[in-house]
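One chain follows as structure tokens, the form predicted alone.
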Amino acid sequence: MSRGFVSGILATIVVGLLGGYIVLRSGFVPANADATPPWLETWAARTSLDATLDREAPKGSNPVALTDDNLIAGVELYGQHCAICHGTAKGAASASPVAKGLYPQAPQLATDGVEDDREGVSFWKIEHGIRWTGMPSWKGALTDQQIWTLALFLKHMDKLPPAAEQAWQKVKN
């Protein structure tokens, strides 16, 4: 009885894998960037990202001090590296053609915001990028100091002091 049960489980797994392979090979899972992702793909990507962030994102405080100069430096870094995909202070209205063509579309941060994310989460996302999206890893292009400075700006982008707000309003994509 036990051997039959195990054989049944193995057969079910093999049939499931074979069925999945047939579905993939037949083109029923869209590969085009302008298609809506299937719910299973969205669920798998979000579940994996959430688990990875829980395990790997820095938990401590940001080593970059909250000062006007550091916020302005974060705005400048954002303008140079992030605005093309994540927009400007105008939010969704400022989405570039690149941002509109990404799959999935990049969040327009002035509209969608990440101020409620821990700075360590933003640091991790910037440093490592996110698979199955257009978010690249900036690890080789930016220093840890620059990435933490960006994370500082992102955390406070909805409540900037006047000088930083003025710089933020000038960002173009």
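All values derive from a computational prediction rather than experimental measurement. Numbering starts at 1 and follows the sequence shown.
Below, we refer to the form predicted in complex with heme C, which is not included among the displayed structures.
- Triple contact flag Leu71, Gly120 and Leu160 to heme C in the predicted complex, non-hydrogen atom at 4.5 angstroms: No, the candidate spot makes no contact with heme C.
- Query: Heavy atom to heavy atom, is Cys82 within 4.5 Å of heme C in the predicted complex?
  - Reply: Looking in the predicted complex, residue contacts with heme C include Cys82, since a heavy atom lies within 4.5 Å.
- Item | 4.5 angstroms heavy atom contact with heme C in the predicted complex for Arg46 | Output for Arg46 is yes: heavy atoms within 4.5 Å of heme C.
- Query: Closest heavy atom of Pro63 to heme C in the predicted complex, within 4.5 Å or not?
  - Reply: No - in the predicted complex, heavy atoms of Pro63 and heme C never come within 4.5 Å of each other.
- Task: With heavy atoms only and a cut-off of 4.5 Å, decide whether Met135 touches heme C in the predicted complex.
- Result: Heavy-atom contact with heme C at 4.5 Å: present for Met135.
- Task: Sequence order please: the residues of 107 to 130 with a heavy atom within 4.5 Å of heme C in the predicted complex.
- Result: Heavy-atom contacts within 4.5 Å come from Pro107, Leu109, Val114, Asp117, Ser122, Lys125, Ile126, Ile130.
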